[in-house]
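In structure tokens, one chain follows: the form predicted alone.
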Amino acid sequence: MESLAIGLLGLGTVGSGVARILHDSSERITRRSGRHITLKTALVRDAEKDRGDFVHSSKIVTDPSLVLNDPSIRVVLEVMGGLEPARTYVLEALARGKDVVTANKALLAEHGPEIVAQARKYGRCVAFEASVGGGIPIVHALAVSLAANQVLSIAAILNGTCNFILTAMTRDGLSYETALAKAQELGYAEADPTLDVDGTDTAHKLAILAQLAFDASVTTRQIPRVGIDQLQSADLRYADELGYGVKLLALAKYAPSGLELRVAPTLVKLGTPLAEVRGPYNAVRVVGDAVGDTLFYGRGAGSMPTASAVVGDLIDVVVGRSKLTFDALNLWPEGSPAPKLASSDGVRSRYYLRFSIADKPGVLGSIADRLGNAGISIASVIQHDPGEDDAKDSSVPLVVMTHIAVESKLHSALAEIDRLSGVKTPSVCLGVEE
């Protein structure tokens, strides 16, 4: 049987998982790919670091040219992450006639058009199932299985770190700081978790899904995003009292006014599938015009789930399926018009609002007047008696759930409300996903 040599860029968490699967499942991979796939070279930063038993030390190199310039290496797996030098290495690999498998969501979100154009120029393909949702096969689902559909909406939990933190805050009553520390201790969060908790990582993944589902070439900067780092425990408690959980959602909706995109903490009804996604798991809800409502669920990160997707892509590349799909999709086509994105005037949703107001007559009425003047009707209100802490500054929390409202009108009303003398702090506003 013919052999095929591959090169690995990165041998960290995901790369080690890839090496392990190639070692432990060699016979299965050979049977399903029709080739004996061998890992010839693995690029690392530190050649002295212990790499376990799955990669012989003779295959470990620190010089990228030993991977990129080796004519015997047919496929390069990029699992190093980050923008540089990953971008440079991937472009060079394609120019050298090698196909590429990548798990790098930031690279595709920021440089997808350039990467894809390079692949087309040299007649190669780029496979990237592992870039979104770890082991969840959402890329293949959108590109192939749901290709007959006009996708109408996507609502997704795409960051396991954030979902773990929110689960710990809700279920265990932990503060944000304590939940984050626990996530770091268990390896679910990086030492610097900024890109996770501020929504950037989720926005990278949403940009890729927008291209697959809506042919929309958007950058991360075009996606409004709010992370969980400013979320307060009180809002999780009030949401629960109202029958909702709070999740960091990536949202995309197809509407006549344009494509709605956002990343934000969002209320989801308890008992619905997204609300029940716990800990480090991810889930993607896709609604299509023909298939209806679908849900994809699984581990969205980690060594083995992500490596599973990488090796699955590798098999598809070797068999030839990836090249056919890549060419047919025509991702990030040159000269394509900018997508029509919905303005805040075209976005309609229900909203959760929380105010800290003076404990005196007339304040609630003033807030209701401002909302009413903007055409926003109130669905329900929570106002508890002030506790000891609240009594000290004579303020009480007021929680309002709205009916469907226009986003731009809501924000105008909130700006007025925040200027009222009886409102103690800026209001909190979270969307509601039904």
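As the structure is a computational prediction, the values presented were derived from the model and not from experiment. Numbers follow the displayed sequence, beginning with 1.
Below, we turn to the form predicted in complex with ligand HSE, even though it does not appear here.
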Residue-level contact is defined here as any heavy atom of the residue lying within 4.5 Å of ligand HSE in the predicted complex; does L77 satisfy this criterion? no
Does ligand HSE get within 4.5 angstroms of any non-hydrogen atom of I165 in the predicted complex? no
Does any part of D196 reach within 4.5 Å of ligand HSE in the predicted complex? Heavy atoms only, please. yes
With heavy atoms only and a cut-off of 4.5 Å, decide whether E190 touches ligand HSE in the predicted complex. yes
Tell me the stretch among 357 to 365, 295 to 303, 271 to 279, 217 to 225 that has any heavy atom within 4.5 angstroms of ligand HSE in the predicted complex. 295 to 303
For ligand HSE, considered in the predicted complex: do all three of K105, T161 and K205 come within 4.5 Å of it, counting heavy atoms only? yes
